[in-house]
Structures are given as C-alpha cells and as structure tokens.
Ligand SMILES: Nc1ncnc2c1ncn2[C@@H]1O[C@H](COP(=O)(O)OP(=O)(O)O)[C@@H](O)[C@H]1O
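One chain comes next, on its own, written out as structure tokens in the form predicted alone.
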C-alpha cells in the first residue's frame, strides 16, 4: 500500500479497533496492577467508535477529518488515556494540514504530531514511562527511515514505526513511573512494560495490519 485515502480512513481505524478488541483483556489485566483496570475497555470503546465517526462525518478536508475524529474520541472516552489518545489523533491530523492522503511522509508527520499532542495534553516527557515512550520512538524511527531513503514507501516507513514502537515499549520496562497509580506502585513495575506504552503499540500494530497487508 502506497497511500491511505480519505475513503480508506474508516478501514484504517477499523484495523486499529480490531487490535484493541483482541487485546482488551490483556490491557485491562496489565492496568489492574498499576492503574484502574479499565484501560482495555476504554481503548476498545474509543477506537471502536472512530470508524463510524469518520464514516458519517461531513468533512471534505483530510486533515480536518482526522482532527475532528480525535476531538470526538475525547468526548466518547473522557478518561486520562482517552484524552491522551484522542488529543494525539487530533494533533496528528493537524500535522497533515495540506495533505489529501496518508503517504510515507504523511505517516511520519502524523506520528510526530501524535507525540506532540500527548506532550501537550499529558505534560509528560520521554523517559517518564508513558505511551509517549512508544509513540515517540515510533515517530523517531519512521523519520529515520524516511531520511535514510527519501523514496521509502509507506509500507517501509510503517514497518520502521512498528519496530520503533516495540523498542519504545520494551524500554519502559526499566523506567520508573511518575504519574497516576503506577507511581504509587512503582515497586512492582520493574521488568514490566508500561500499560500505556503497550496500548500505544497496539495502535501502531493495527495501523501496520492495514498498511502492510
């Protein structure tokens, strides 16, 4: 796949939603040890609602359609993680201003914008053991792949992003949590990936399922 068009956006987010549906129980299990235990359900509901939101939205601008979808997700699941991910989607869409489709460069811009949204909403930094460590690394590696080869395909950049997301998630195993209930239970977090970062990987995996098929 060389690009994702406006008409294909619902299908892209449907693939992401499917990943959250399949991983909901595992995310809830992880979250029960260091959070509220509802992460999987929140992500399943939030991303599960996006395909229909995008499909029925009356918006002809590619960037604005994604931005508005992210904002609607924050209303659908107004939890901490729901707000972070919804804001990430919205900022990712904003980074695509002027684009009419998601190509290799667009994916890099989207992921970088997504990470910027998380920083803006969550007031967090890389290394704080959050979803940012996963998404930020995905964006970094996607950018590196494109810089190395300006002719890189969407699939090649997506694979780099997926590899980066896995690397970012793995890195959280040695980080000390600074936010929420995870910070209170920091003693049990060592050697275990952050549940937010894991949720971030699920999203990137869903994107890859669609783009790399």
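Numbering follows the first chain given and starts at 1. All figures in this text were calculated on a predicted structure; none of them were measured in a lab.
Below, we refer to the form predicted together with the ligand, which is not included among the displayed structures.
Within this chain, residue 38 lines the site of the ligand in the predicted bound form, having a heavy atom no more than 4.5 Å away.
Looking at residue 204, you'd find every heavy atom of it more than 4.5 angstroms from the ligand in the predicted bound form.
Put simply, residue 87 is far from the ligand in the predicted bound form: not one heavy atom of it is within 4.5 Å.
Not displayed here, the ligand is kept clear of residue 74 by more than 4.5 Å at the level of heavy atoms in the predicted bound form. In short, of 46-54, 61-69, 163-171, 29-37 it is 29-37 that has heavy atoms within 4.5 Å of the ligand in the predicted bound form.
For the partner-free chain shown, 79, 80, 81, 84 of 61-87 come within 4.5 angstroms of the ligand in the predicted bound form, judged by any non-hydrogen atom.
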